[in-house]
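Given as structure tokens, the chain that follows is alone and in the form predicted on its own.
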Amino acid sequence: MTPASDDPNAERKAWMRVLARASAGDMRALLADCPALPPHIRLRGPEVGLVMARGRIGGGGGAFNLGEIAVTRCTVRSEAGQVGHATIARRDDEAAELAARIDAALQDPARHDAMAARVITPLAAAQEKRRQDAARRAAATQVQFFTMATMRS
């Protein structure tokens, strides 16, 4: 799971994106087949707050405030010293803490490969399948305006 990029943090960004979208139940289920996560201490949170979502008309227009969304963040330190962070776009203390603990475990070279293979890869595959299913359902409702225009001629 190494994204092709010049960014040295690209792999971590990719697993953080997967963890941010995962539910606590999905993470717990996959962790059941892994060695136990190392003991940790909470450095911050989990705590819930609000962030302002910004938007643009047409991708190039002036930015405007769209509204606020709830986020939960958490930071932990494992017994080996790795600091794990998580920020998720919903109110879910358990998911934020689990994601932070998994982030810390993935930074440990002794745990990285097993955690990536048993947790991140299955979560990413499930998320991609859900995205493709949603795209397929949306495509089924797409109106072909070009076809309708040629039918009037």
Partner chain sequence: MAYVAVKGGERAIDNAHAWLAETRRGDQAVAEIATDQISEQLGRAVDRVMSEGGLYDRDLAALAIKQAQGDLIEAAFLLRAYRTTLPRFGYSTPVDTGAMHIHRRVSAVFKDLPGGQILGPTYDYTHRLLDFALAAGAAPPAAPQAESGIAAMPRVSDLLDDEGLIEGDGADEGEPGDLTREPLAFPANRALRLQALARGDEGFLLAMGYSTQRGWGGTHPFVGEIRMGEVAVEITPPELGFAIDIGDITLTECQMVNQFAGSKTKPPQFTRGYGLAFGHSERKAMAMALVDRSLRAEELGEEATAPAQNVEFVLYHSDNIEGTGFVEHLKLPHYVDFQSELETIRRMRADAGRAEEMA
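Model, not experiment: these values are computed from the prediction. Residue numbers count along the first chain shown, from 1.
Not on display, but discussed next: the form predicted in complex with the partner chain.
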Answer with yes or no whether L123 is in contact with the partner chain in the predicted bound form, where contact means some heavy atom within 4.5 Å. no
Heavy atoms within 4.5 Å of the partner chain in the predicted bound form: does L37 have any? no
Within a 4.5 Å heavy atom cut-off, is Q82 in contact with the partner chain in the predicted bound form? no
Can you work out whether D33 and the partner chain are in contact in the predicted bound form, taking contact to mean some heavy atom pair no more than 4.5 Å apart? no
Check all three, R42, A110 and A117, heavy atom within 4.5 Å of the partner chain in the predicted bound form: no
Though the partner is not shown here, which residues of 78-108 have a heavy atom within 4.5 Å of the partner chain in the predicted bound form? H85, T87, I88, A89, R91
